[in-house]
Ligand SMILES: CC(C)(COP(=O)(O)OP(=O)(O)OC[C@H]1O[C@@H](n2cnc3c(N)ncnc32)[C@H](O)[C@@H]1OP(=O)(O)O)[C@@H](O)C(=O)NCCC(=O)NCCS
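For reference, the chain that follows is the form predicted alone, supplied as C-alpha cells.
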C-alpha cells in the first residue's frame, strides 16, 4: 500500500481533496453515534475547500500531504507562533493530523508527524504541541509512542456540548 507514498507540501490545488478527506476522517472518528445537527453544521461550515485554501495560503501555517499515487490519504497542518491553552515552551501547534482509515497502521501518520516536527524545528527550533480528544485512545497511544506527554486539559465546543481534550507536547519541548 505504501509503494507509491509521497509526503509533500500542500498546494492550492489540494484544497478540495483536503476538505473531502478531513470530512471523511472527522466523521469516522467523531460521529460514531450518527450525524447530529451539531456535527452536520460543524462539518459543512468548517471542513470546506475555502477554509483549506485559506490555510494553504497562510504564511503562519504549513500543510503536509501524504499522497499514494494520485490520491491523498492523509495530511497534517501546523501553525507557527501559537501558544497552547497550557503553558509550555512550544509555540508550534499541530492543528491536524488525519489519515484515511485504510492507511492507518501503514506508517502514514508517522511520516506526516515527522515532517511536521522537522518543519517546527527548522522554523522555530521547538517541539510541537497539540490537543487530542480524550476519548480517542488510538490517537493518544500514537502520540505516546512518539514521545508526546500530556501537560493539561482543554475543551472543544460543539454546539452546546463541551468535549474534553488532552493537551500534549512533543519531545524536547
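Numbering follows the first chain given and starts at 1. Everything numeric here is computed off the predicted structure, so don't read it as measured data.
Beyond the structure shown, there is the form predicted in complex with the named molecule, which is absent from this document and is the topic of what follows.
Contact check for residue 66: no non-hydrogen atom falls within 4.5 Å of the named molecule in the predicted complex. In the predicted complex, at least one heavy atom of residue 109 sits within 4.5 Å of a heavy atom of the named molecule. Shown alone here, residue 103 lies within 4.5 Å of the named molecule in the predicted complex, counting heavy atoms only. By the criterion of a heavy atom within 4.5 Å, residue 15 is excluded from the residues contacting the named molecule in the predicted complex. Every residue in the set 30, 132 and 142 has a non-hydrogen atom no more than 4.5 Å from the named molecule in the predicted complex.
The partner is absent here, but in the predicted complex a heavy atom of 136, alone among 36, 51, 136, 124, sits within 4.5 Å of the named molecule. Stretch 22-30 is the answer when you ask which of 41-49, 22-30, 116-124, 55-63 has residues with heavy atoms within 4.5 Å of the named molecule in the predicted complex.
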